[in-house]
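What follows is a single chain, given as structure tokens, in the form predicted alone.
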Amino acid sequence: MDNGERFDTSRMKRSHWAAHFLEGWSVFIQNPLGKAGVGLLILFGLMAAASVIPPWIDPMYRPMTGVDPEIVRSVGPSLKHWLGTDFMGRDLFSQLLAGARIAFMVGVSAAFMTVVLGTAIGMTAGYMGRTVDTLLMRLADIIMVMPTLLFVLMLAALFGQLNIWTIVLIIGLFRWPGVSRVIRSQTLSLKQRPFIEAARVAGASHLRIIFRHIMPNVLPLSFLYMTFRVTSAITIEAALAFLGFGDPGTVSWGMMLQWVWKTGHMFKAPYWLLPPGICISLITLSFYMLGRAMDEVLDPRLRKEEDA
């Protein structure tokens, strides 16, 4: 095959992937759940991006250290503090914006680590089979039955409050088994396909077959599970922070709930209690709706037939 034929083949592959992407995007964006999920994510993304603005306006709006010198207690919303202040006179709106940034950071980082580990282990187990498959899947079974939140609580009890990146690492290391089992099943099906056998006969190495032929076919499924793992990571971090085992140097929505409960304002300050709780619910709902819409893209059987 000369260079011209290789170029044409490469261009045809790119056009095929572009057409496939556009078709999937059209299905996704027509789904009401997909539209709602994207809309909510854009809203929270804007909140996370805007979290750097209040401290520039006035140091009083720093979410952790900024204190209104005229207020030393929790007060309700005002023009100066849109959501009110906490028990130290810190601005709640600034804390809410900072919490959006932490939620994205924890959710996406932990989910990405989970999906990378689960996809790599699932593809390796499914393709290699036999002893490798047995060892990896038994390891996945052992980790799967261990409750992540309980294990993190035990670590926090032993070593004190955990750093936010330590929490991300632990979540990533304990949430990959479910992804790996799904990817393993998909790999077992793919390696029996004729194009895999043709690549093997052509002399392709195991690594080339895995990364060039199997991985592109399982990545859409991996991204689907990533959306669900984001919600799990955000919920676990919020639960840890609320129970007092979160990062004390980080302002998250779970930490805001922990402060309102610990200071006795749980039933006295709805302007402090409701915003972080609503944000946790909405951001997890947005990723869930995103995953449901992606599920419809990946599985044509779930698509509704158009009315005749």
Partner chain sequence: MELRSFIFRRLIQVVVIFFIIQTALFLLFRLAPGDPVERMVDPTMTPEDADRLVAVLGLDQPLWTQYAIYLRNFFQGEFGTSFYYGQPVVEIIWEKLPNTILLFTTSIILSALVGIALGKIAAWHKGSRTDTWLTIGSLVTHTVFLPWLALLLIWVFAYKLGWFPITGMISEDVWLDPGAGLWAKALDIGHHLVLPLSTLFLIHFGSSLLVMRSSMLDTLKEDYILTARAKGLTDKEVRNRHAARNAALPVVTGVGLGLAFSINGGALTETVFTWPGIGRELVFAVSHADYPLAQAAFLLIALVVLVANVIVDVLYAYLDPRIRY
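From a predicted model like this one, the values you see are computed outputs, not experimental measurements. Positions refer to the first chain, counted from 1.
The next section is about a form of this same protein that is not shown, the form predicted in complex with the partner chain.
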(Q) Within 4.5 Å, heavy atoms only: does Leu273 come near the partner chain in the model of the complex? (A) yes
Q. Is Trp261 one of the residues lying within 4.5 Å of the partner chain in the model of the complex, judged by heavy atom distances?
A. yes
Q: Examine Ala238 and determine whether its closest non-hydrogen atom to the partner chain in the model of the complex is within 4.5 angstroms.
A: yes
Q | Interface membership of Thr148, the partner chain in the model of the complex, 4.5 Å heavy atom rule | A | yes
**Q.** Sole residue of Ala49, Ile29, Met64, Ile278 within 4.5 Å of the partner chain in the model of the complex, by heavy atom
**A.** Ile278
**Q.** Proximity to the partner chain in the model of the complex, single hit among Leu136, Leu155, Ile170, Ile164 (heavy atom within 4.5 Å)
**A.** Leu155
Q: Please determine, with the chain shown alone, which of 80 to 88, 156 to 164, 127 to 135, 94 to 102 has non-hydrogen atoms within 4.5 Å of the partner chain in the model of the complex.
A: 156 to 164
**Q.** Residues within stretch 70 to 96 having a non-hydrogen atom within 4.5 Å of the partner chain in the model of the complex
**A.** none
